[in-house]
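Presented below, as C-alpha cells, is a lone chain in the form predicted on its own.
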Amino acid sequence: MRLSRYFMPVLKETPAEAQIVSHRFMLRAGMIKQTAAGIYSWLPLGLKVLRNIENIVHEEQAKAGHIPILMSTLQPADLWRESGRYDDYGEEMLRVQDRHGRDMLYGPTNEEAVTDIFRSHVNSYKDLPLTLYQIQWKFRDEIRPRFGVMRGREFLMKDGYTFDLSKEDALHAYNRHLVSYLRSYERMGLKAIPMRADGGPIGGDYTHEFLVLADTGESEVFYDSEVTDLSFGDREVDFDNVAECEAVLQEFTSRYARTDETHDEDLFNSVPEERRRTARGIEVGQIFYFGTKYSESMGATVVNADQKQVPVHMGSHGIGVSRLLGAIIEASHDDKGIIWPEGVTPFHVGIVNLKQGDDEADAACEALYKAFQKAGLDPLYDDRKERAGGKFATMDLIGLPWRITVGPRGLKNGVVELTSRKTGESEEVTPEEAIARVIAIYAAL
C-alpha cells in the first residue's frame, strides 16, 4: 500500500474526549471515528488490526477443534424469557420492537440463541462433545461509555459455547479453552493472566477472566508475581488429551491471581510478601462453566447410553476482539505512538523515501516494495512529498514494528537503514539484507 493513495486521516492534535492512551492514539492514527457515544466506525488502519486479531482467534479455535457459526445480532425476547434472563439482565440490554409489535433485543451475548440451535438439531449423546463459536458484533448499553473501544457500547466479540454429556467432559472443554486463549494472547504479544472471577449475569461458579496488566485497567487485581513469569511458548498441546489440558490449567491458575470481586485477603497473605502484587487489569476474555442452567430451562437434552433424556452441561467462553486492540496499545506504546507486536501489526514493514522524486531513491523503494509483496508480506510505502521529520512522526505514531529508510546518501554506499520500533535501534544494511531480515522475522512467527 502506498501512503499517497491510502486513507489514513492522521491527527496532529489529541482530541479532547480521549482520556487514555489507546483512545488517544487510535484517534490520532486515524484508526476509528466516533459515530455516537460508545459507537465507532473502523477506518482502514484500525480494520486491518481488527482483522488480524480476529484471524488469530479463528486459527486457535480451529486448532482446538471448535466450529464457527454466525448468529443474528437481533434476538427474539421469548428466548430470553425461557431462560429467565430477559427481565433480570438490566438496562444494558437494548430492547426494541419490530413493526408487528414483537419484542426483540440486540444481543449482548448468545447463550439462549445457541441453546435454541442445539436443541433443534442435536438429540443424542453420540453427537457430543460439541463446541460452536462465532465472532460477532454485540451491544451493551453502558450508562457511561468511555475510553474508546475499551468501554464502548458496540463491540466485536468471540463467543463460544460448549455442550457436553457430563460435568467432567465440560470441565475438559473449559480447560481446552484456557489453553487456546493462552496461545491466542501470546501470539498477539500480550501477557494475559487467568484470574479467578465472578460469574455475573451469565452465571456459574467456575470461571476465570484473562487480564492484561495496565494502569488504565478497570479492575483492581491481586496476584503472586510468579504468574507473570509463566509463558506458554511454542509448545504443542493435544487438545483431546484431558490430562495435558488439565496440567496447563494447573500451571497457570495454581498461584494466587484474583480480581477485586473474588479477592480473599487471607489467601493472599499466604503468598510470600515479596511476591504479593496489586495492580490494575484490563479484561480481554472470560471462560465459564455453568452446568445445566440453560439446558434445563430451555429443554436442551440428549438421550444418553442408558436411553434416558438428560440435560447437557454447558459453558461459554468469550474474547473481546475489538477491546483487545485497545489493550494491546495500552500494553505496548511510548510517547511517540503505538508499538505493534509483529503478530497483529497492520503492515509488516514501513518504507520511508527521504527524497521522493529522486530517481535512485524511488527505484530502490519500488524494489523493496515489490520484494516484500512477492514474499507475501504487506509493506506500507510512504511515497508522499513530505518532510523527513513528518514521515518519521507518522511511522512512529502508527507503530509498525520495522521501518526501512531509503535516501540518496545511504544508497551511494549501497545501504538503507533498518529500524526497530520497539527498541529504536537502527542499523545500516544492504537492501537485500533488509529484505531477508524482515522476511525471516515474520517467517518465525
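These numbers come from a predicted model, not from an experiment. Residue indices: 1-based, along the sequence shown.
Omitted from view is the form predicted together with a further copy of the same chain, to which the following refers.
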Flag residue 121 as yes or no: does it have a non-hydrogen atom within 4.5 angstroms of any non-hydrogen atom of a further copy of the same chain in the model of the complex? yes
Touches a further copy of the same chain in the model of the complex: residue 51 (any heavy atom, 4.5 Å): yes
Is it the case that residue 91, even though its partner is missing from this view, gets within 4.5 Å of a further copy of the same chain in the model of the complex, heavy atoms only? yes
Residue-level contact is defined here as any heavy atom of the residue lying within 4.5 Å of a further copy of the same chain in the model of the complex; does residue 142 satisfy this criterion? yes
Among 63-71, 405-413, 392-400, 373-381, which stretch sits within 4.5 Å of a further copy of the same chain in the model of the complex, heavy atoms only? 63-71
When a further copy of the same chain is placed as it is in the model of the complex, are 235, 271 and 437 each within 4.5 Å of it, taking any non-hydrogen atom of the residue? no
Using a 4.5 Å heavy atom cut-off, which residue among 171, 242, 104, 279 comes into contact with a further copy of the same chain in the model of the complex? 104
When a further copy of the same chain is considered in the model of the complex, the residues of 1-21 having a heavy atom within 4.5 Å of it are 5, 6, 7, 9, 11
